[in-house]
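This document starts with one chain, in the form predicted on its own, laid out as structure tokens.
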């Protein structure tokens, strides 16, 4: 049984495997390595994932969702088709699809996965990611931080000498910054920082709000389908500005009618607050490892949002250096995750590599003070190398105190109420005057993000322990019942065919007049050609239709002309198979 490496992203996900002595990205049904992290519940109750689900964000927004990675570990739910789903449940559908792709590629069962997570994910978010893996039928014993995976892939490709890299990972929903030291067989993370609420989606929203403001449209009052539509078009404008210096978004008719012209400087002005937030983790990561920009040998760009020229320009100014991108920001984390999978399989080519990671947040407990609120007392500081075990002694605060409550917190704030509470371990102590009795509190945090707390009463030697984990406040029986329910939900066999159909539905809603008629004829031809086609012929038809619809997408969004072959369809909707 094989082990897969999975980059579970906010916008897109991908899977890789160690095969034939090297890491290989696994293509999906359409041949693309990237699977949109989108889920939709069809009218018949079936599950759509990937591109088909992403298209339904516009045509069936009440049944579709994306960006749920941002909600991992929060306890919030998404309502799809009138049914509530936890973010980890939606993520499990994406993982199921990736697992199926990997098994089809390898021709064998995939039972385990190494999943990448943002370095700045806290314990609840990491626990939710593991839970998503379990719900997909995968065993997940190892999570790897996304920047660490990227650094590992970078090191394997670049066989040169030792170097220090700053890994800047700006994805669809999160930002991670890591400083990594790479030598021949050792990858050591020196510092991490980040923002779990900053990514490419925020740029889309800035553009969408600017468009609505210019054209007197109340963005916050838009119904779900129109809001999804304008966000979709805003993303298109952002992508256009990644290819050219200026672009415009024009909608000719309907409730969203209007236009917005933008160039690189206009985009910088619109998104100024995002750039201010973007610089903070970079400065913090450098400060935490006591380095400056001149100490950095390489800057590694990760995440699709790094394709934006304004992002690279911002980094270039901040770090006072030219920024090059020798690696694909879309796939480098997935490659690193696949290498980690190879390391777990003890493959000869990567057996000797040692990867040292860090604790991304400080871990500690609360102590009393005169102000009333508990003060945070760190035991393991952020950016401590893992695994780590640290001990501190604490004393009773009132006479005849019989219990010490060791509350466990994660974060950087002074007051415990502003940090994340992971739980509490209550320990009995002999009654005595205040300050007489004490306990030694030992935190042990391992490479997989598991925190063990041991409390020893110093006067008696009694020891109390607890391993902190988060199951989403569900009992084992409730988790088991939910797993059975999710496993019974039917996933559509072919997302590729459905993706074409859903894109046609979206474009039909955005077109008018003759364009609608022509689009319908193209769809009729497509359905007829695919009806009795073999696998290779069907794949060619899908690729041809996708190319046509991509050009139509740009035309409908106001970025280009009508594709030259759009009108080239017989009136009877038929065409011979090639």
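Quantities reported herein were computed from a predicted structural model and do not represent experimental measurements. Positions refer to the first chain, counted from 1.
A second form of this protein, the form predicted in complex with ligand ADP, is not displayed here; the remarks below concern that form.
> Answer yes or no: in the predicted complex, does ligand ADP come within 4.5 Å of a heavy atom in every one of 148, 178 and 360?
No, the candidate spot makes no contact with ligand ADP.
> Just to confirm, residue 251 within 4.5 Å of ligand ADP in the predicted complex by heavy atoms?
Taking the distances in the predicted complex, the answer for residue 251 is no, it never comes within 4.5 Å of ligand ADP.
> Consider residue 288 of the chain shown here, and say whether it contacts ligand ADP in the predicted complex, taking contact as heavy atoms within 4.5 Å.
No, residue 288 sits far enough from ligand ADP in the predicted complex that none of its heavy atoms falls within 4.5 Å.
> Does residue 205 reach ligand ADP in the predicted complex if we count a contact as any heavy atom within 4.5 Å?
Taking the distances in the predicted complex, the answer for residue 205 is no, it never comes within 4.5 Å of ligand ADP.
> Find out whether any non-hydrogen atom of residue 242 is located within 4.5 angstroms of ligand ADP in the predicted complex, and reply yes or no.
Yes - in the predicted complex, heavy atoms of residue 242 and ligand ADP come within 4.5 Å of each other.
> With ligand ADP left out of view, which of 307, 466, 124, 209 would have a heavy atom within 4.5 Å of it in the predicted complex?
By the 4.5 Å heavy-atom cutoff, the listed residue in contact is 307.
> Identify, from the list 97, 238, 130, 155, the residue with a heavy atom within 4.5 Å of ligand ADP in the predicted complex.
If I apply the 4.5 Å criterion carefully, the residue I get is 238.
> Heavy atoms, 4.5 Å, ligand ADP in the predicted complex: which of 272-280, 339-347, 194-202, 213-221 makes the cut? Say which one.
Looking at the partner contacts, the answer comes out as 194-202.
> Pick out the residues of 275-303 whose heavy atoms come within 4.5 Å of ligand ADP in the predicted complex.
The stretch 275-303, when checked against ligand ADP in the predicted complex, contributes only 303 at the 4.5 Å heavy-atom cut-off.
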